[in-house]
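Included below are structure tokens for two forms of one protein chain, each presented in isolation as structure 1 and structure 2.
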Structure 1
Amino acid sequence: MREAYHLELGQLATKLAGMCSKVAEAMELATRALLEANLSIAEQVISGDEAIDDARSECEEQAYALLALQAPVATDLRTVLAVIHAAESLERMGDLALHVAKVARRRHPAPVLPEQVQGYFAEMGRIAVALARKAEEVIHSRDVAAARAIEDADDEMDDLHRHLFTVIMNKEWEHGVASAVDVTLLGRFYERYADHAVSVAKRVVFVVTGRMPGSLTGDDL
């Protein structure tokens, strides 16, 4: 019975890692749709969001079944609770990629982004996808040092997000209010995506250390 129980815990972690892969692919494609004004790629992201929602439901159902039937304690209990919360964060990451794709679809065939901010979003997309991939690795490895590196990468995203505001607010901005609103919303989508990746990393730290860090400092290593 215990062997089967721990097998189920391993399956939960595998499903969660699979969600990381799905949301990474969704944001990678959404960023391409945004930068290339590619409607077919945007539609691919939009239609694929249901699979991410289903993956969260599967994780939660299995986790709640384990809580009800096995009454886990200590590390096992932390693992089950972490899966429930991390699955929610990952679903939201998928939703944020969905929002990016919907903006690209709404403005099609016109490009959403003025040329002067395309580089920002190319880099924000790269960081976002890398964060999701790193979260996948951390779930498998339970490496707290690697989890801390995720927060460091999130700082890069925050810096880019702040710089976007300086571009939009500059008196030389000549693309109008509607474009400024699009850029502001899109920047927020990427920034929140990164924050949720950090949240997933913190859940791994919680499983390993028994503490939920406010930030991933050297004390958690």
Structure 2
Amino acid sequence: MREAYHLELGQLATKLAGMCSKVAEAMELATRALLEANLSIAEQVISGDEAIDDARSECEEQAYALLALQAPVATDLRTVLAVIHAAESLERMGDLALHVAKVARRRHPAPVLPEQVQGYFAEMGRIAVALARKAEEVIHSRDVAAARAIEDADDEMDDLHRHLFTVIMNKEWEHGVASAVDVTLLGRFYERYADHAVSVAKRVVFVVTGRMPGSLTGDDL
């Protein structure tokens, strides 16, 4: 039973890595669509979301089958449940990339972002994608030290997000209310994406090591 369990768990982890890769790509493209006001890239993200939802269903079904057939207990049980939770967070990350793409599409051909904040979103996009790729990497490498880097990256995201608000709230903001509303929601989407990535990383570390890193928390996990 242990051998079958480990084999199936390995397959599940591979599926999870595939989801990490998919949501990283979705956010990378969504950020490009946003910064370049590129409609066809936005459409690509929007139509690609279904594949992420499907991947989540597959992960969940496979995890259910593993629970039903192997009836794991103790750490093995928690490991399978960690996969289910991680898959859920990854689906949510895909949704958030989708939201970004939809904002880009809604305003097309106008650019959503005033030039003044484009740099923030380029950077938040870069960090978001790096977080998802790091989680994927940890699954393959089992290098838990790499997971630590995720904490720092999330702190950077929180700093950027806070600073973005000071820019919007500043009396010199001259791009109007509608633009401030878009920037506010977009900032929130990136920040939540990063929070979920931290949660995924935590669970991935648990799946590959059997130990939960206590300090890898998002703002409201």
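Just so we're clear, the structure is a prediction, and the values are computed from it rather than from any experiment. In this text, the rigid core denotes the largest set of C-alpha atoms whose superposition between the two forms falls within 1.5 Å. Here, a residue number simply tells you its place in the sequence of structure 1, counted from 1.
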(request) With both forms of the chain shown on their own, indicate which is the form predicted together with a further copy of the same chain. (result) 2
(message) Once both forms sit on the same rigid core, is the C-alpha displacement of residue 140 at or above 2 Å between the two structures?
(response) yes
(message) Please determine whether the C-alpha atom of residue 198 is displaced by 2 Å or more between the two structures following superposition on the rigid core.
(response) no
(message) Given a superposition on the rigid core, I'd like a yes or no on whether residue 24 shifts its C-alpha by 2 Å or more between the two structures.
(response) no
